[in-house]
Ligand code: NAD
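Only one chain is shown below, in structure tokens, and it's the form predicted on its own.
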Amino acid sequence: MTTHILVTGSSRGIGRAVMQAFRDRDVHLVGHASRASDKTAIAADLSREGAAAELWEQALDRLDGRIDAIVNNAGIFEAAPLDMADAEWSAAWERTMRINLTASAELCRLAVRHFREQARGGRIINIASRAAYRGDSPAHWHYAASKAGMVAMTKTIARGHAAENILAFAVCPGFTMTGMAEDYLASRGGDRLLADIPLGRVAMPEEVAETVRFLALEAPPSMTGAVIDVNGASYVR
């Protein structure tokens, strides 16, 4: 049976690579973009309350009323320096949490309820970050916190719903060669940061995408709750 999958944040970087990784599989895909510039994806601004539910309903319509797996990849990486004005710093925190964690949680909740209704189970793959465990720069407290929340949420879903064949996994990339990572590397002194990666390079989006493809289609059920690191041994647990 064809697997129906929703991928958020699919217009660039890891999300685009994930879409490509499924191309030759028996998969019916629906992508998501924050703006309508990608005509093949559903446009939804996940910083807006209610947008996640609207995205889910539109995805269901495109996927003939059935979703078997969701990849929560949409996220932002925006600096919030400590010397920002109080209101601006708080607004930056709320925006990052809304997009990176709350919208993902809303989609996970809708997915779990849908999987229960379908009585076949389903799979959730949440794209977190090395920052969930290692932390991030002083200007990115909110980003690290949002990704740590995503990991904790994934484990909770896995523990609470495994008996219903609802499986949940998290992927924690380190630096990945996307627009977000390139900007950060440039701003923080790329050579010095690369020296902290034993592999000697950042991950490619295709490497993360291959991990996602395996978790969505092939990973054995006993792997539920797993957090997979893709960071060139820059952080090992």
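All values reported here derive from a predicted model rather than from experimental measurement. One-based numbering along the sequence shown.
In what follows, reference is made to the form predicted together with nicotinamide-adenine-dinucleotide, a form of this protein that is not presented.
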Open item on the list: Given that nicotinamide-adenine-dinucleotide is not shown alongside this chain, does L46 nevertheless sit within 4.5 Å of it in the predicted bound form, heavy atom to heavy atom?
Closed with: yes
Task: Touches nicotinamide-adenine-dinucleotide in the predicted bound form: I125 (any heavy atom, 4.5 Å) - done: no
Task: Residue contact check: I76 to nicotinamide-adenine-dinucleotide in the predicted bound form, 4.5 Å heavy atom - done: yes
Task: Partner contact for Q58 in the predicted bound form: nicotinamide-adenine-dinucleotide, 4.5 angstroms, heavy atom - done: no
TODO: Note which of I99, A92, A111, L167 lies within 4.5 Å of nicotinamide-adenine-dinucleotide in the predicted bound form, where distance is taken over heavy atoms; exactly one does.
DONE: I99
TODO: Quick one: find which of 59-67, 169-177, 23-31, 192-200 has residues within 4.5 Å of nicotinamide-adenine-dinucleotide in the predicted bound form by heavy atom distance.
DONE: 169-177
Task: Stretch 1-17: residues contacting nicotinamide-adenine-dinucleotide in the predicted bound form, 4.5 Å heavy atom cut-off - done: G9, S10, S11, R12, G13, I14, G15
